[in-house]
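What follows is a single chain, given as structure tokens, in the form predicted on its own.
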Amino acid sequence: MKPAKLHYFKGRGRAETTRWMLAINNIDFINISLEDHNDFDNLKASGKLPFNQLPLLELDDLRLSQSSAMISFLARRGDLYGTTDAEAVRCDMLVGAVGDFNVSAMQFAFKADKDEASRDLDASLMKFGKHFEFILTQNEGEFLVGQKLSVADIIMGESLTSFIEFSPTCLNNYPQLKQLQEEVVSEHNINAYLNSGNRWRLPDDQYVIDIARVLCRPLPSHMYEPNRFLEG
């Protein structure tokens, strides 16, 4: 089988959850990274982007847009949606909640004040952490949904990994979440991905610059020459 192709900027971003889901399914993939606006224009002109948005996943004969659709498709493919309709909808609820929880990590690289960005991580943990731990307790502590690994665990593990990378001690008061994160990243296929060349470094200023170059949009105002990529 040919490897899947994942088109995105030169970094993790909104494509990262898809990478983890490809990994747990043991699907080989290639990161196709857009270098500049011409690459984006050419991709749009190809007709492959139904909404002219990234990421784009080319898998088998499918061209998938919207990260949430990619996640749910790969969850079904890997039997990672629980064993009942009730468990499936709980997975969807948790994936949505993790998306809200993860906003502060997604925005971290774009903020000038990293102390403020770290406080945002702490605030998100204070808001969501107790609820996630309660769900783990209700479910006897090992998985978020049912009695086997699900998409909810994978997406939670990916988000918590980013939190730890930005703030190594942030889960000290959340032992069950810490245990879940450790179990997810130790899963064979996930671990192989995390130690592969397909894994981008933690988002930094260069990641922010690369996105602005492709989209021809302003950089955050605290960065040097914030309008350098604006056309005209």
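Being a predicted model, the structure only gives us computed values, none of them experimental. So that there is no doubt, residue numbering starts at 1 and follows the sequence shown.
Below: the form predicted in complex with a small molecule, not depicted.
Checking Q176, S167, S67, N31 for any heavy atom within 4.5 Å of the small molecule in the predicted bound form turns up a single hit: S67. Shown without its partner, this chain lists Q206, N26, Q53, S186 as candidates; in the predicted bound form, only Q53 has a non-hydrogen atom within 4.5 angstroms of the small molecule. The small molecule in the predicted bound form comes within 4.5 Å of a heavy atom belonging to R14. Contact check for L215: a heavy atom falls within 4.5 Å of the small molecule in the predicted bound form. Residue contact with the small molecule in the predicted bound form: W20 places no heavy atom within 4.5 Å of it.
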